[in-house]
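Below you'll find only one chain, the form predicted on its own, shown as structure tokens.
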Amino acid sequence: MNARTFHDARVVETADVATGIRRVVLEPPAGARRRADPGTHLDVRVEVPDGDRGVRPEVRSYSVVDSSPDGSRLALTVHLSPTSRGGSAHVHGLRPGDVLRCTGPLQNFPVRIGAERYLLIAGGVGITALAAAARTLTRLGAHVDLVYAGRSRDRMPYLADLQAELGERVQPAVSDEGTRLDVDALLARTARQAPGTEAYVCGPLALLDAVTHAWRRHGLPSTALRYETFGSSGRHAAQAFRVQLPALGIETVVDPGSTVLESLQRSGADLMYDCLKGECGLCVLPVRRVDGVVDHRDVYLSEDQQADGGSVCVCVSRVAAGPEGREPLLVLDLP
């Protein structure tokens, strides 16, 4: 069975491992078991609310936080997002004995073995993409520092376990304890003391932005920085706005629980997309006009491209009302 083939995995354990964060252990059928290397994830099929239509199936990606060596048990850890469109709520509703349709472990975030030194930076539940890497690199004798940032310890899953296993390699940065992560100071020190460091980052967009800007500012090589996103939290609260695609004669409303891509598809647009996380760029469309502020929630467009405002990743990015208070509107063209 191909790793990308969906199969029915049985839920064998569930447990809350931090505030609003649940661990779900899956048991794939015998023919679908594969080893989960550090950085792998599963694509899972979930049901999300769809207005008057009830529910609709969608695919979400969740990191494998740990697994058995033979792949017979794979653990996911999912934050119940207050802005969830239904995916995390579906996973939080699973109980032992339930079935979750999912792929085998897929790799988009591999760890390169052989670097001079490693810096792993996790924000909140982003630890799920880096915990296995920290354990593996430590076991291989690599020099690795795991900087783990969170608002409070009760919202930082696996922190105590990782500290017990990895000791001083784990550097907690806990905001409510007065040790909030200072990204600029961390990377200034890295550039000064260990410029050959390879960094891996997973967390919210604000953390990724801070790291990528500081990485460039301190002259560290772009090829040594790798990151993965989770979710698509933006800089503005999600609100309803109108979107128009004149080439197809479409005008519709994007409600707070939907994306531009979903809204256009429901109106009949056949658009290209893939990752649904703002990473691949396949869904990028040219922007003709914006009333309001584009809330870029992707990591595909460069900082200059986002500032220019000429295009947008419609799978994640949104529009918020601007200071002029007009109803937000996004008018798109086809490429």
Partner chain sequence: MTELDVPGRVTAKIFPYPLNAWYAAAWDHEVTAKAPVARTVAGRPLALYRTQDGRPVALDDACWHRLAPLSQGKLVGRDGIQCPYHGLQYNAAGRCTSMPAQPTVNPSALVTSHPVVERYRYVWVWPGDPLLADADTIPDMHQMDSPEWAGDGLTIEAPCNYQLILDNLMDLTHEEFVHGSSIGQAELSESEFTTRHEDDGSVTVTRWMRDVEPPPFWLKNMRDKFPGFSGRVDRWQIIHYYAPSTICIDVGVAEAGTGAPEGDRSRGVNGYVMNTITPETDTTSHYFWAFMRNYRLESQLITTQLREGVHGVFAEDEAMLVAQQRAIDANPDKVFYSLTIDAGGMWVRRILDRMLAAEGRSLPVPSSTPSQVTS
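Only the largest set of C-alpha atoms that superpose within 1.5 Å between the two forms is called the rigid core. Residue numbers count along the first chain shown, from 1. All values derive from a computational prediction rather than experimental measurement.
What comes next is about the form predicted in complex with its partner chain, which does not appear here.
*Asks:* Give a yes/no on whether Asp161 approaches its partner chain to within 4.5 Å in the predicted complex, heavy atoms considered.
*Replies:* Asp161: no, not in contact with its partner chain in the predicted complex.
*Asks:* In the predicted complex, does Arg289 come within 4.5 Å of its partner chain, counting heavy atoms only?
*Replies:* Flag for Arg289 set to no.
*Asks:* Applying a 4.5 Å heavy atom distance criterion, does Pro28 contact its partner chain in the predicted complex?
*Replies:* No - in the predicted complex, heavy atoms of Pro28 and its partner chain never come within 4.5 Å of each other.
*Asks:* Any of the heavy atoms of Gly114 lying within 4.5 Å of its partner chain in the predicted complex?
*Replies:* Contact check for Gly114: yes, within 4.5 Å of its partner chain in the predicted complex.
*Asks:* Taking the partner as it appears in the predicted complex, which of 57-65, 289-297, 262-270, 34-42 has residues with heavy atoms within 4.5 Å of its partner chain?
*Replies:* Residues of 34-42 come within 4.5 Å of the partner.
*Asks:* Looking at Ala206, Ala185, Leu140, Ala237 here, can you tell me which has any non-hydrogen atom within 4.5 angstroms of its partner chain in the predicted complex?
*Replies:* It is Leu140 that has a heavy atom within 4.5 Å of the partner.
*Asks:* If we check its partner chain in the predicted complex, which of the residues in 240-276 reach within 4.5 angstroms of it by a non-hydrogen atom?
*Replies:* If the 4.5 Å heavy-atom criterion is applied to its partner chain in the predicted complex, 240-276 yields nothing.
*Asks:* Using a rigid core alignment, state whether the CA of Leu26 is displaced by 2 Å or more between the shown form and the other one.
*Replies:* No; that C-alpha moves by less than 2 Å between the shown form and the other one.
*Asks:* So the CA-CA distance for Lys277 and Pro221 moves by at least 3 angstroms in the predicted complex. Closer or farther than here?
*Replies:* Closer together, by at least 3 Å.
*Asks:* Flagged pair Pro221/Val299: C-alpha distance shifts by 3 angstroms or more in the predicted complex. Which direction, closer or farther?
*Replies:* The answer is closer, because the C-alphas of Pro221 and Val299 approach each other in the predicted complex by 3 Å or more.
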